[in-house]
Every structure is written in C-alpha cells, then in structure tokens.
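Before any questions on how it binds or moves, here is one chain, the form predicted alone, in structure tokens.
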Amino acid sequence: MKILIVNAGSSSLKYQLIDMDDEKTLAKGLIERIGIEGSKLTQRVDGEKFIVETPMKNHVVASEHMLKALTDEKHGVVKNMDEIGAVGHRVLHGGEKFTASVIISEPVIEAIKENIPLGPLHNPANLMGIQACQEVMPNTPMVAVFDTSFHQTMPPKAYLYGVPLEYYKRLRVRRYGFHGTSHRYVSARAAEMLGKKKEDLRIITCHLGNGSSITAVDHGKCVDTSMGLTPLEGLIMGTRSGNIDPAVMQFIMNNDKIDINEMLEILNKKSGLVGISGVSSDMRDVEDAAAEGNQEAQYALDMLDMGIKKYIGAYAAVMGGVDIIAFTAGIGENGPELRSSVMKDMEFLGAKIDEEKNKVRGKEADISAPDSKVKVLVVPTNEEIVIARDTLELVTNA
C-alpha cells in the first residue's frame, strides 16, 4: 500500500509518499506560503526537484496541487489518486483523549478542535490539512497520529504541576510533552541497533533541534519528558526560553509595562539561543560566533549543554540508571561538538564517548567508547515512517 503522510502548518504543507511494501519514500514535498503571495511547491523524487510557483489561496488548493504533483505525467510517482491507499496526518495535540493513533472520524475532528486551546498554533493548521485532504480525497481513509500520545504513559507524579489540583481537574493543566513520534521511533530504533528489546532497556532520547525535548523511556514507556503543557518548557531552544522562574514574567511585565501576550511572544520567539547570543536561532551560527570569541554566543552554548546534562542526570535517577543515551534531530544528529560537550565528565554515569566515532553527522552510529557501560548512539529520527506504519496498521485492521 502507498501511504501519503501530511504535516500541515499554518501557511505550509509538508508531504511524503511512502510505498509500505518496502517502506521506500517515493516522493517528498513542501508547499510554502499558502494564502500568501509567492506560494510555491517543491517536490523531490530520486534527488530531482520539481517546482510549481502559483497562487494557493488555502490548504484545499495546496492539497490539489500536491496531488497534481504526485500524479504529474513527467515528475509524479503514481498514475492516479486511486493508488494512494491512505493518508496519515501529524497532529500536535491530542490532550488526554488520545493515547494512540486513530482513524479520523467526526468525533476525532471534534476532539482535535477541543484541544485547540492547548495547541493554538498547530491544531488549527493540522485540522486545515485534514479537512483539505478530505475534500480532495473523500473516499480515502485517514489517520491522525498525535505528538502527545507517546507521553500518555507518564504517571501523575511526572505530569502534574505543583499548582492547586483543581486546575488539573477543571482545565486539564498538566505536562503533555511533544516530539512523541520522534521519541517513540528513536527509542525503538536504538534498541534495534543493539539487537535488544526496548522493553528490557532504560533509554534517554535527546531530540535536539530548533525545538528540543528530552524523554525518559523506561522499558518501552515514557515516564517523564522535558516539554510541558506547551512546547515552551524544558531546555533553551532556538527561540524559546525553556524553564524559567514564573516570577520572572511578572517582574519584566511590571517594569516594561507589557501584557502577558507580549511576554509569551518574547518567551516563545525572542528568547533561547537567539535571545541570549544576540546572533541567531541557528546552532551553526551561534557556534561560529562563539568560535570567533563572542562571549554571549558562548553563554548560549554553555546553557544548552548544561541543560541537556541536567536532564540526562535527572532521568537516569528517575529510572534507576540508564542503558542508552540517544541523540537525534537536527542538532543531535549533526552536532558532534555539542554531543562531545554534553558527554564530557559523564563517566560517573558509566557513559563515555569515543571522540573519533563521534565525528559523524546525519547517520546512525554507536559513538560509545569501548569501556562505556552506557551505549551512546546517534539515531536520525524518522517520524514519517512511524506515521505510515500506524496508518497502515489501522486501515488494514479497520
């Protein structure tokens, strides 16, 4: 079966067509600037690019162009839409309602809408992608795969906050966690790389990119994760502050006479690497600036490094030890310098890397030193294959 994977943003749509007979990616595409001047589709097949620049006023029109590109006589990979057996949609927030992927129905759509207050930027965009595909592919089964579902195994002691319990009971204020599809794939793949079962291991997965989160996976289940009610909590990130004393917000707001919306805009979009370094939200730019002697860029790197160390140490304590530390996502997969810095002085955990093996970017590798008791791995994430596998299983067994 050929399965189409769709990840809709507010003005973008990423897609991938996978042949599940051999799990081969047939085509990848990105549609940018939907509803904005300069709409563009870029599709890649076997390394060759196919570009369409034309106005796309909404996600329905964008979805039509996606299907046209996939079925294009010269540049497409299928003859017609009937060859696409199902569509898997990435959805950010499933709240407490979804502990696993589900076939999309009206009640599922209503539940995604109910979670919009928890995912105000992503859930509406995800819904637009679902509804657009339903409009142009009305007879094709569709599946929702939630970023939050993997973390639903956390116990109350991990997901509750220290505020009056009434807010959890009434408003469902709690830690939800994100990047779940990535943490799920990486923890399972890390176990496979060692020829072991994930159910026998304690794994810490470090998803480090423009958005970053760390998860403790104890015998196959998430028991804690660094992101919270929203993706703002945890490590410093490209533009996000990560953990702060909540009173910092009141102090800044009172002094600068700004409201909570402006304060959250600062914490989400003007903080983290870009806010501390004053250089960029891109790790590569910050590293270059630090290498040239920029002290503020060095602060940003040191803060990220220390933050990752703290979570690894904390999660090892939570699980009573650790068997695997896995690095993934843009920075985790392609940042040997960061991995080296994070793993320095971690011998007390039984974890040590081989600096020569660590000189790797973007591919699977065991970078552990020969005498390391803990395996340290680089595992490129593949959220799309998780979505495709869930979609295949659900529509096959429906």
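Since we're looking at a predicted model, the values are computed, not measured. Just count from 1 along the sequence shown to find any residue number.
From this point on, the text means the form predicted together with ligand AMP, which you will not see here.
Residue in contact with ligand AMP in the predicted complex (any heavy atom within 4.5 Å), chosen from Asn123, Gln298, Ser281, Gln152: Ser281. The partner is absent here, but in the predicted complex a heavy atom of Ala329, alone among Ala351, Ala62, Ala69, Ala329, sits within 4.5 Å of ligand AMP. When contacts are judged by a 4.5 Å heavy atom cut-off, Glu233 does not count as touching ligand AMP in the predicted complex. Among residues of the shown chain, Gly209 is one whose heavy atoms approach ligand AMP to within 4.5 Å in the predicted complex.
Although the partner is absent here, Lys57 lies well away from ligand AMP in the predicted complex, with no heavy atom inside 4.5 Å.
A residue is said to contact a partner when one of its heavy atoms sits within 4.5 Å of a partner heavy atom; Glu287 meets this definition for ligand AMP in the predicted complex.
Of the candidate stretches 369-377, 37-45, 333-341, 24-32, only 333-341 has residues with heavy atoms within 4.5 Å of ligand AMP in the predicted complex. Along 63-97, not one residue places a heavy atom within 4.5 Å of ligand AMP in the predicted complex.
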